[in-house]
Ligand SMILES: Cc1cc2nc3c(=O)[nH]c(=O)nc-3n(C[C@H](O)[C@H](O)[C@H](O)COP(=O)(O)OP(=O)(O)OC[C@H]3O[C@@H](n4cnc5c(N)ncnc54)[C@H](O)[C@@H]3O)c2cc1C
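Below you'll find only one chain, the form predicted alone, shown as structure tokens.
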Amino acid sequence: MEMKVLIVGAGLGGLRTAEALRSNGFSGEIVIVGDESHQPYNRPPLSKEALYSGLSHEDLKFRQRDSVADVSWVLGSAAEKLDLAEQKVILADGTSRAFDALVVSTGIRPRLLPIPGPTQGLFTLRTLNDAQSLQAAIGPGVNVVILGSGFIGCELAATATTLGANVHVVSLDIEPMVIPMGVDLGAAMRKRHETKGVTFHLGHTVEKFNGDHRIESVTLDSGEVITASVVIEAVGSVPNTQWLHDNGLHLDDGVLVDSNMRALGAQIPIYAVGDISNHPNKFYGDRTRRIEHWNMPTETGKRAGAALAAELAGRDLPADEFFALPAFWSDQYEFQLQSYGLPGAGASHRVASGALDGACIVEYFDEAGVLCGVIGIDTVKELLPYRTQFMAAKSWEPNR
């Protein structure tokens, strides 16, 4: 009897898992379910090129290998409930999909704050449709308030400013992007944004949205009122695990998995990949982490596809420790930020080259003085030796 693998989540992680299943010998049926109407596409440009230039799905979609040409796509309906007893997933349109093995690739959604007031003019950014709606609302002279000063918030601030909008960023953090970058580099990036015209309101939050039917302004906890017709929430993310509850899975922060991305507590083959996967990684030491970096859906998908193909064929699963080097980049105005490792885990840092107000490299160290991450601004080539160093070591063991 032909085995059926159901992949829930039609993003990069789901696609890479399907490709890995085929490349590792699985010839059974693969069905990919997605809540959007689009097949997998590249998300990082949504806060940059797609918002600035209006890129279409055709511009952003991933090229798919011939090996997955026979994959069935069920798009436009989200998963609502996993029924493990019946081995099926119930979708929002009322239909259900049976499976012999399940891959969870439902990713994340923007975290929303409970702020009273009108919601017309309130946006988040996660999907292509979000970017298209936001692009239609932003233009020269438009007053934009961005809640959150992480990478997405800062990228949106840069793009909106470039489009001619008047941009205010409101954040409880003491500096933008402070968690991964630290206070010093975060302050240096803030100054770059302020030079471009962005106004920051750090250490504050929004208490209410003002207006009769549409947002006309926001009131901060300080009492300050900022005129705004567009408000964008960029205050972090929430793993899309709500459809998985009451099935014995570990869902405290995403789906807890082993080194093969197989869900802990699952009696049948259930795997989790991408942003939702709370996985061990040789680089992390003895911790598990849920890392929202662009390369993780590919790395976890490849591992899960190989392991699942082996399990369904009755072969031994991979026994080596999973390793994938965390890496991210961010383009803000003409500045290119790039990182390897986990700088956010650093207890101290030093400027290894350049200066914070120009091209520079900042190294981050754990409490034992071990290099755990690096961030460079406009130093793409100069960072490559760090990548080589981390790839060779395949680990960073934090001080416990």
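Please read these numbers as outputs of a predicted model, since none were measured by experiment. One-based numbering along the sequence shown.
Not on display, but discussed next: the form predicted together with the ligand.
Asker: Using a 4.5 Å cut on heavy atoms, which of 202, 317, 266, 327 is close to the ligand in the predicted complex?
Answerer: The option sitting close enough to the partner is 327.
Asker: Residue-level contact is defined here as any heavy atom of the residue lying within 4.5 Å of the ligand in the predicted complex; does residue 79 satisfy this criterion?
Answerer: Looking in the predicted complex, residue contacts with the ligand include residue 79, since a heavy atom lies within 4.5 Å.
Asker: Does residue 121 make contact with the ligand in the predicted complex, using a 4.5 Å heavy atom cut-off?
Answerer: No - in the predicted complex, heavy atoms of residue 121 and the ligand never come within 4.5 Å of each other.
Asker: State yes or no: in the predicted complex, is some non-hydrogen atom of residue 125 no more than 4.5 angstroms from a non-hydrogen atom of the ligand?
Answerer: So residue 125 counts as contacting the ligand.
Asker: Taking any heavy atom pair closer than or equal to 4.5 Å as contact, tell me whether residue 242 reaches the ligand in the predicted complex.
Answerer: Yes, contact at 4.5 Å.
Asker: Give a yes or no on whether each residue among 34, 155 and 274 has a heavy atom within 4.5 Å of the ligand in the predicted complex.
Answerer: The answer is yes: all three residues contact the partner (heavy atom, 4.5 Å cut-off).
Asker: What stretch, of 166-174, 255-263, 215-223, 274-282, brings heavy atoms to within 4.5 Å of the ligand in the predicted complex?
Answerer: In the other structure, the partner sits against 274-282.
Asker: Within 4.5 Å of the ligand in the predicted complex, which residues of 40-55 have a heavy atom? Give them in sequence order, or say none.
Answerer: Result: 43, 44, 46, 47, 48.
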